[in-house]
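Take a look at this one chain, the form predicted alone, written out in structure tokens.
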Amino acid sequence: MPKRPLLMIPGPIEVSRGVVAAAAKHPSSHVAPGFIEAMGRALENMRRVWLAGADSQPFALAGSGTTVMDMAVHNLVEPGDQVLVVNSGYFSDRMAEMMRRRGAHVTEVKGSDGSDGFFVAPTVSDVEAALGGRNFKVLAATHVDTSTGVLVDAKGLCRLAEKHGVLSIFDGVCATAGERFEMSSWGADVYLTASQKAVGLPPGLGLMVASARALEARSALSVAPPMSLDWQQWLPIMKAYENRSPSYFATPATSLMAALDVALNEMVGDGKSMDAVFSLHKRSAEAMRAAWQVLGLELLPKVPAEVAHTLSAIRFPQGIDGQLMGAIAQRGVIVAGGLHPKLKASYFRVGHMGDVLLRPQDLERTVRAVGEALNALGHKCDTDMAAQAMYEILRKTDR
């Protein structure tokens, strides 16, 4: 019997057996004692995964990453506010557009335009220069932009926001639980994600943690958010579940919340540390990059320090085009095409985050599928040597 195709796109991702089992159970009442316990525990564990303080507030609701992006914008920004968006790709464009639709005055700081076939994020110095020009209320950035595979200096941007007295919003959709982010010690105000990325669930939950300062900023708004996005509507609900009490504003996604409880417990339950999770993603990304190099492939991010650990955005080698994704799929592995509007025909993307990282044989399966597909399309490369290079990195960092 042929193997099930291996899902190696940058979300949805492969999920653990425990998560599959939890999500597949018959739906629960949202006020059943077992569900109340699971949701309360999941909210508590979100702080541990986010490395957030006790005074921060987790929110978990039915929706997508885009839903909680809109939620962050509407609770911190109102018409007339000045906001600065650090633009590192397609989803940074989306954040800027959300700000404009809220009526904010948006300034964008960009790196390269991709005209040379590569992508470069704006530097912290670029952002600081822009911050000095106006009275900004919010700085927003995409920690890892799924479209470009670019990782920004989130710690540096947090420090900058704190220095200039502005609120910070980080879209962590392709970063949370994969890239190091220390919400409390770095002083971030909002860090958000979606369930189908490194958190390790099927799609359907929007997840966010807000700082005490961010919650205060919501209270000061003169133009309220839409009801379904309003922190003040959701706050008593989240607090009630953490206190193990039933509550209701809108029905939670009960099956996914039960799965979230399992996924977060797999990460930080029984005293486990996020350091191990971050290290696993870093090690695996380095191993995959070693394989890509042997295969003669280049990454879309131009600056090595800006290469994400949760996915690889890989430029097509000369003479290869979008047929490559189909050839890889024929070998049992699903990867993604390009997404950035200016560059999407020039690259493809491979996700490497979450549960699949615990199975090196699946990482090897991915490397071999890419290498064999390249060879079939005329780009000659050594697939065996690429797999060996991957394992050498994994062994070296395991010592």
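Since we're looking at a predicted model, the values are computed, not measured. In case it trips you up, residue 1 is the first one in the sequence shown, and so on.
Missing here is the form predicted together with a small molecule; even so, the following discussion is about that form.
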| query | finding |
| --- | --- |
| Heavy atom contact within 4.5 Å of the small molecule in the predicted bound form, the stretch among 229-237, 212-220, 314-322, 167-175 | 167-175 |
| 4.5 Å heavy atom contact, Ala194 and the small molecule in the predicted bound form | yes |
| 4.5 Å heavy atom contact, Ser64 and the small molecule in the predicted bound form | yes |
| Contact flag, Thr142 vs the small molecule in the predicted bound form, heavy atom cut 4.5 Å | yes |
| Exercise: Phe91 in contact with the small molecule in the predicted bound form, heavy atom 4.5 Å | yes |
| Proximity to the small molecule in the predicted bound form, single hit among Val350, Leu43, Ala52, Met69 (heavy atom within 4.5 Å) | Met69 |
